[in-house]
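Here's a solo chain for you in structure tokens, the form predicted on its own.
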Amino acid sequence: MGYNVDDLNKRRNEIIKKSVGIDYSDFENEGIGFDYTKMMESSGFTLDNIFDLQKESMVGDTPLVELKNLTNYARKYSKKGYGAKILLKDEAANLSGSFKARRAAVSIHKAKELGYKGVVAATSGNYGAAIAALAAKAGLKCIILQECFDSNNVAQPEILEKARACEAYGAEVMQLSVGPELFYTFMSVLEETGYFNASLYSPYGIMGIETLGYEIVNQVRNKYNKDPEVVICTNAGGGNLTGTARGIKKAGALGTLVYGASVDLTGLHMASDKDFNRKSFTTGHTGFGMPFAINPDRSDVPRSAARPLRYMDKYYTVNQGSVFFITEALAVLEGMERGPAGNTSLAVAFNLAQTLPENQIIVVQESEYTGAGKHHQPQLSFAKKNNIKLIFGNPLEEIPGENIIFPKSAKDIKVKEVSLDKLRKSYLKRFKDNELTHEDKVFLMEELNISLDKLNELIKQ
């Protein structure tokens, strides 16, 4: 497919407006900010609407499972009276096998409502399968674009697994090499087809996940007569955490803390041809989590509805080896074979549970299906083919792209806390040359979830 990059850039806003059905200029304020609340309300959906349409699509109302064996395993390494209950929201029970079906259900409903004949999504992950499955159910055409290969035509096994799933649901899959061609091909396909842009970062996509947070709170209340102390969300582009946190707040659980969790891939650049196949995780890692936190609007829409710094209370990273370890532990101890994304949060939860009293509850907010390419064994085989060393040792010494270090036992699973203030300062650096108005500062206080005094302190630093 041929396209002129300069011409596409000139038409970008027009293409997006036609393909999403949202005029983002309606929400812009003077200065650097925009009206986030107004943008979210513009979707026209209420939470009840979304519950209804998801139910029709065989999405939502998934089980909340107490991982009793893993909890007891964590208590083995906890001091007396500690070891919080670990609960898992089993989103693998959704149509297409992941929480992404919640996002897809709303986007597909909107596309159908607005009269589009088909949908397009640029995703190498579970969202593609979700969009493909729900488009098939709605009778819409579907095109999925994947960033799949390096320049040697070598593809990630997990991404190939997703391609098979998308094709099984009848979607057309376009596989591209790593680099900027994904975005421009995406824009070109939207323009040529006139299809709906099922963006991960639209209000539709984020509101679809609010039901997940809302369900978690009510399921915990019904079974344990309390709110969960902590909910941990695997964080990549930020939509998972944003939507879940908004749903938790709508359920009235204002004391529940929301933590982000990402696989630590420090040093690997996601747009690098060299680094592309030197990672063993295609989502839920710092290569997306960090840049999208400090610049949410780097997405395929002018203003992303995924804004994790508005909602994140703490942010943790964990190494690849620990996630593989806990993936196997979940299967062996609980009989639940699940994919790597949710197990990123589970690895963090396992460590943090040991620091919390045993009467507290920590919820792992999602799980995902696993399959031939998503399973940890093919991922590790692929790592070995790429000369990544697989060793046992201290997980904190793992060097992404060089080795994967497995903990010798569960007590060696360690996590790192990311400084939210450091992320906030990185966010603010983009505006260091701006003369900030009062309205700008009000926006930044909401955006970074801080007081005016704290904002001024960070700006000064």
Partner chain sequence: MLVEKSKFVRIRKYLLLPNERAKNIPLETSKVPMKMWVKGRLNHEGELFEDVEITTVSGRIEKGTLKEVEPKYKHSYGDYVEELQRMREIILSEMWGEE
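Positions refer to the first chain, counted from 1. All figures in this text were calculated on a predicted structure; none of them were measured in a lab.
One more form of this protein should be noted, the form predicted together with the partner chain, which is absent from this view; the next part is about it.
For the three residues K76, H376 and S381, a heavy atom within 4.5 Å of the partner chain turns up in the model of the complex in every case. With a 4.5 Å cutoff on heavy atoms, L396 does not count as touching the partner chain in the model of the complex; it lies far away. Contact annotation: S272 falls within 4.5 Å of the partner chain in the model of the complex, judged by heavy atom distances.
Contact between M336 and the partner chain in the model of the complex is not found at the 4.5 Å heavy atom cutoff. In the model of the complex, the partner chain sits beyond 4.5 Å of every heavy atom of F45. Put simply, of N218, T355, T193, Q360 only one has a heavy atom within 4.5 Å of the partner chain in the model of the complex, and it is T193. Among D297, E172, D227, D90, the residue placing a heavy atom within 4.5 Å of the partner chain in the model of the complex is E172.
Of the candidate stretches 203-211, 257-265, 149-157, 303-311, only 149-157 has residues with heavy atoms within 4.5 Å of the partner chain in the model of the complex.
Residues A329, V332, L333 are the ones in 329-344 with at least one heavy atom within 4.5 Å of the partner chain in the model of the complex, listed in sequence order.
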